[in-house]
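Heads up, the chain below is alone and in the form predicted alone; it's given as structure tokens.
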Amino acid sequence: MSDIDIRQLSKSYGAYHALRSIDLRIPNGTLLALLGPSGCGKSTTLQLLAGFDTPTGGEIRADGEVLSSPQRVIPPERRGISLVFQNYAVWPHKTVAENVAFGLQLRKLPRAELDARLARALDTVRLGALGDRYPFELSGGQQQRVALARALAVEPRILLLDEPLSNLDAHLREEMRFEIRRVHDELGITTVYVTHDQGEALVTADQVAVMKGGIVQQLGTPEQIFEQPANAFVASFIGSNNEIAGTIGGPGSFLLGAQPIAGVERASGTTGQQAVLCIRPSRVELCDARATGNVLDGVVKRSAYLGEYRDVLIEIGEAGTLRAFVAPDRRPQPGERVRVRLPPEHCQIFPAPRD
């Protein structure tokens, strides 16, 4: 196991800057999720960590050893790193046990040690009873477990996961999120997990690095990323969010036209500056005429029953629309006039992002 230190890491392809001087420190035994939309730089970071490409600037260190720099790149096979791909890369003509043992055979381990490591890896991913099966006899989730077991069998000091659940259906993805977290808790291998799915990142990771445009927008625990986003992009990318355009009215104040709305400033701005107020639909309250503070009038445009909650879209004049997730037994109807309250502690004020 290793700690990873990424310093001023950059990667350019001609005029295109895939990474722009990012800094990340991943303590020993941590599972870090690199999260962001396509083209944000997360996969480039993983490629550089694996040793498949050479950085344009900066360096990657593991336990103080330089793995990558513009001057020198240690080959992938000498890094003590295992990589699990999104397409499993499981050999169809080999059994589960033969797939998992492949890397051990290349190392020419004594038979007893090979068998012990193979059994340990299969048991870790709960495939101990399926060693004689072929991939076509397995579900997608089981095939992904085979790929994970193969990566773990060689006992790497660092594990890289490249969107490992993207080819699974929704039910299996949810199951495998918890399985990956369980395996990490059991083994404690320093892990970097690339995903565009914020649910995966929140469930599996100790730390999340949210990326956009080759820059780390925020690094923090899942709770910090969700509850205390650093900017409007992070607030909107992590979970559902309402964004309302307006101006900064002063410390802790947002102006929607002439109406002041109290909130929490997440970044400094000046009075009169264009701003965005973010609030999650689960925090928006439908209220009655007695409610005070951050109350807006609106008209219901849509009301959708989703079982555990009702998703209500409300038109609020100049601000456009707000989504509110309310209790399923509430039944606001399209065209109905309602009042909504935006709790100040859940209103997050950011200067408007620059294009």
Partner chain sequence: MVPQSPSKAAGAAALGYWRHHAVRGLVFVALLAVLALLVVHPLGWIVFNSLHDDDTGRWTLNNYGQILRSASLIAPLLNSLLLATAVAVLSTLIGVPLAWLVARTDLPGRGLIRVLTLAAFVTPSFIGALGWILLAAPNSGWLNVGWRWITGAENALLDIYTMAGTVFVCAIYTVPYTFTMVSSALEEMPVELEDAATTLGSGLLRTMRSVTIPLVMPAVLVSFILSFIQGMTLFGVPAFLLTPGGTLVVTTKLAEFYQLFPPALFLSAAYCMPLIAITGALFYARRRILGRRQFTTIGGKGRAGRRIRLGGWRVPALAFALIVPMTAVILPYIAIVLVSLSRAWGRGPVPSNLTFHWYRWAIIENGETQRAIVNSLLYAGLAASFCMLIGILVAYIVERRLVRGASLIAALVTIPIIIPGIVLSVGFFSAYTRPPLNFYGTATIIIAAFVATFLPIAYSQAGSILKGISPDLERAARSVGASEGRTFASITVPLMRGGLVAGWLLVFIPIMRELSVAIFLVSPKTNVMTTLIYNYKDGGNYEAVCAASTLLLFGTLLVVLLARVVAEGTAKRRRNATSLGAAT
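This structure is a prediction, so every number in the text was calculated from the model and none was measured. So that the term is clear: the rigid core is the largest set of C-alpha atoms that superpose within 1.5 Å between two forms. Residue numbers count along the first chain shown, from 1.
What comes next is about the form predicted together with its partner chain, which is not displayed.
| field | Partner-contacting position among Glu155, Glu243, Glu285, Glu163 - heavy atom within 4.5 Å of its partner chain in the predicted bound form | value | Of the listed residues, the single hit is Glu155.
| Position in contact with its partner chain when the complex is considered in the predicted bound form, options Leu256, Val216, Leu83, Cys278, heavy atoms within 4.5 Å | It is Leu83 that has a heavy atom within 4.5 Å of the partner.
| said: So, His184 and its partner chain: in the predicted bound form, are they within 4.5 Å at any heavy atom pair? | reply: Because no heavy atom of His184 falls inside 4.5 Å of its partner chain in the predicted bound form, the answer is no.
| Counting only non-hydrogen atoms and a 4.5 angstroms cut-off, does Thr56 reach its partner chain in the predicted bound form? | No, no contact at 4.5 Å.
| said: Whether Gly199 contacts its partner chain in the predicted bound form should be assessed with a 4.5 Å heavy atom distance threshold; does it? | reply: Heavy-atom contact with its partner chain at 4.5 Å: absent for Gly199.
| field | Residue contact check: Thr30 to its partner chain in the predicted bound form, 4.5 Å heavy atom | value | Output for Thr30 is no: heavy atoms all beyond 4.5 Å of its partner chain.
| query | Which of 61 to 69, 308 to 316, 32 to 40, 326 to 334 has heavy atoms within 4.5 Å of its partner chain in the predicted bound form? | reply | After filtering at 4.5 Å, what remains is 61 to 69.
| message | Just to make sure I understand: among 86 to 124, which residues lie within 4.5 Å of its partner chain in the predicted bound form, judging by heavy atoms? | response | The stretch 86 to 124, when checked against its partner chain in the predicted bound form, contributes Asn87, Ala89, Val90, Trp91, Pro92, His93, Lys94, Phe102, Gly103, Leu106, Arg107, Arg120 at the 4.5 Å heavy-atom cut-off.
| Under a superposition restricted to the rigid core, does Lys94 display a Cα displacement of 2 angstroms or more between this form and the one not shown? | The answer is yes, as the C-alpha of Lys94 shifts between this form and the one not shown by 2 Å or more after core alignment.
| field | Threshold 2 Å Cα movement between this form and the one not shown at Gly213, rigid core reference | value | After core superposition, the displacement of the Gly213 C-alpha between this form and the one not shown stays below 2 Å, so no.
| request: Kindly check if the Cα atom of Gly103 is displaced 2 angstroms or more between this form and the one not shown relative to the superposed rigid core. | output: Yes, its C-alpha moves 2 Å or more.
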